[in-house]
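One chain is shown next in structure tokens, namely the form predicted alone.
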């Protein structure tokens, strides 16, 4: 790849610059699709989306139509949702429960394991036609789970999922441990699109530096809403989790329905929160319980899975369809056994800040789209600067830019190695 499309790095002088052409160049976008989205482990779904045998959901992963199923033996499958006969999708529903799927074109029927069951007019085919491996629904080349988080890879070989996740695995456990009975996806999917390059949202998702300015309206709202906040200031650290994954972990001035009470929630809420804190401490010990309850986290799992464990939890993916366009999917995650009272405030927090109509997402979308507009001048104004904190001693602060550099180092490694 053209060397002018690589980051400019000088560790000694604390310089890290990213070429803006990487956000607009069609050839870079096409290389990313092959080098990153065809090679990495990508999030497919959560076990709680398939609570019973026979359940399924459909969605797109890296442009592919996928069918995520649970069969009668409680085995999960990641099937490519395209008929091997003529290519039509065999399941057109978003989700549901069914032991089999019938292609609407010629009526071929497939089990939720992918096995071909019925071929209308079978006399026109050889006797063993249905057993031909090429006539079954294709499975994702690799499919694995980490806890209740399921991933696929379209590469036939490569590192296993646990190795790929590296340090991000402990943070997925940290989220899962909020419940003794398992976490669950709540309600439906939030879907929206952004007229911006996908890497801008990857950066934004772990960018603590922008919070005070971009989200000043929300922070001001917290101060003015009677009793809704406390004196905790935004402060914490950024961590490199390996393989391009990164997280910021910090204290923040908002209530967390897992176990961080604020006055707005009153005495009833205080009793609820104290009970959760006691349960966490009994199950996990004081130190880990305090970490779960008192600290917020924003994590990027390379390339495009975001876990925001803040005033609520969102699981978010974003998929590029062009250099300047992406499609976003987001789900709310919560403890399965959560009380009605806590669930109400969790969902209020989720829609108030994290949802596409909340305080944060419209601000972030506006910032990303305005950056993309600015990149129209990428030949004259060539670089972004993400060097903040490079020369800081004592570890990276939550509002430094270590997290973006982790992402870009992995991005650069993968696009350089592709085809080498």
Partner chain sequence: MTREADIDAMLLQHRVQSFLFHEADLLDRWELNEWEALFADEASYLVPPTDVDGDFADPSKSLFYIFDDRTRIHERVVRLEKKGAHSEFPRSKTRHLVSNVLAEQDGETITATASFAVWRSKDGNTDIFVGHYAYQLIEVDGALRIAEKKCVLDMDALRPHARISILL
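None of the values given here were measured: they were computed from a predicted structure. Positions refer to the first chain, counted from 1.
Not pictured, yet referred to below: the form predicted in complex with the partner chain.
Contact check for 190, 221 and 327: all three have a heavy atom within 4.5 Å of the partner chain in the model of the complex.
Screening 284, 172, 117, 347 for any heavy atom within 4.5 Å of the partner chain in the model of the complex leaves a single hit, 347. Checking 307, 332, 292, 273 against the partner chain in the model of the complex, a heavy atom within 4.5 Å turns up for just one residue: 332. Although the partner is absent here, residue 370 sits close enough that one of its heavy atoms falls within 4.5 Å of the partner chain in the model of the complex.
Using a 4.5 angstroms limit between non-hydrogen atoms, residue 366 touches the partner chain in the model of the complex. In the model of the complex, none of the heavy atoms of residue 63 sits within 4.5 Å of a heavy atom of the partner chain.
Put simply, residue 75 is far from the partner chain in the model of the complex: not one heavy atom of it is within 4.5 Å. Comment: 89-97 is the region of 138-146, 154-162, 235-243, 89-97 lying near the partner chain in the model of the complex, near meaning a non-hydrogen atom within 4.5 Å.
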